[in-house]
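Presented as structure tokens, the chain that follows is alone, the form predicted on its own.
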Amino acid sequence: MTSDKTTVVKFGGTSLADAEQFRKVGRIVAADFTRRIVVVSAPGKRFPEDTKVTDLLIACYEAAVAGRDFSGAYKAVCQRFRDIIVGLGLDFSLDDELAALGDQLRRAPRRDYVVSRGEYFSARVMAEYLGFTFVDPAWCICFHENGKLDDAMTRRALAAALRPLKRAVVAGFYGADSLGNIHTFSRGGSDVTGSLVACAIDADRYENWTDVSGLMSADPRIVENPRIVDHMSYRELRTLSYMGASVLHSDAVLSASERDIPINIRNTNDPDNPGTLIGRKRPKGQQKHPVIGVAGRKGMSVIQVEKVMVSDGSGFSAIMLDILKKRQLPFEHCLTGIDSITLVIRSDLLAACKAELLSEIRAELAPDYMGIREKLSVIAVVGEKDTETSDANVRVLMALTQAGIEITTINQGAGKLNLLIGVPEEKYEAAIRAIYGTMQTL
């Protein structure tokens, strides 16, 4: 049976932890002829106390640049891949490539190159195992020399590299600039590679295979057995991913949404489970939920600046934001009122310049009041279209109040339920549980 459709499938580290996981991937790919392009991460943990290959490579690099012995971590990396190759029964060797990594570590280690080798080796083995063509993203994921992705060039290069191929395996997580220097995405960046590949070839679907059967409506480390979400919009997933839901990198969602490519989050260890389907619209006839998910981030600080009539056209807000821009200090959220501006900023980014920043705000804006509060968390609560007339937002806030949890900030998006709620960091888990408990009654 043949098909003109193409599905891009990306497998995360737990899906590639050992030879048996590789075999599961092989069965999944073989089960659907449209699964023509495979994107892989580096092997993850085989058991809870194990170490991810990427973390071993980071340890190699850090030891090498410090002039310490890196042989223990390096040998562990080599053994992981040799065990996978032997376990798959392949007549194939990575010894030359592994030796090249060792030489690089001894001579002039470059972090992005070293850290990217986990995906490179993984893709080489997977291509050999599946009988697919290996595609090195150094050829077609294009970065500027400053480490920023060249999105337009990447799409052209990926299309040129992949369209002539019937089936291919692409290493995730990295690319290269015009000088051949390797650059990596942030952790979880293989998701971004998968999404870029899907967009470049106009795939019909992008499947992201991991170790959970879809996106959970809350963090399972905080809430026991949270509900799996069957359908979700791109915007809802981007919000939850950005706020801490770790199934999919938020940048991967953006690329796919621009081309309206459905994303399907699936479980390698439970391949018959349909998982979570993400698209622009929920399929007709599917049940809508007033609250679809809750996620959050710790380590936030809030700066509040008050001055009478800051919104009267004086440019007060613009000056405030320009101060942050000049310092290259990003903010997470900005809440404005008639007489106040509230900025939510990551505490780790603020720490290095806190005193100087507050001094500059006082000098430039002469506020009537300025205060800072630290050790806060921000929680996102998202709901679905056509539920904006419900009282879900009120009930969420009431649940926090009844649980005795102080609400430090509130920001609500227009149109449908999209709350951003600030709470003290020590109350973060309790707040998540209170909100999730309310979700089950809506």
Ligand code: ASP
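Numbering starts at 1 and follows the sequence shown. Since the structure is predicted, the reported quantities are computational estimates derived from the model, not experimental observations.
The same protein also has a form predicted in complex with aspartic acid, omitted here; what follows describes it.
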Indicate whether Tyr206 is a 4.5 Å heavy atom neighbour of aspartic acid in the model of the complex. no
Taking aspartic acid as it sits in the model of the complex, is Arg259 near enough to touch it, meaning that at least one heavy atom pair lies within 4.5 angstroms? no
Aspartic acid contact at Pro226 in the model of the complex, heavy atom, 4.5 Å: no
Indicate whether Ser190 is a 4.5 Å heavy atom neighbour of aspartic acid in the model of the complex. yes
Please pick, from Arg395, Lys52, Arg373, Arg35, the one residue with any non-hydrogen atom lying within 4.5 angstroms of aspartic acid in the model of the complex. Lys52
182 to 190, 158 to 166, 262 to 270, 100 to 108: which one contacts aspartic acid in the model of the complex at 4.5 Å, heavy atom to heavy atom? 182 to 190
Which of the residues spanning 151 to 176 lie within 4.5 Å of aspartic acid in the model of the complex, based on heavy atoms? Phe173
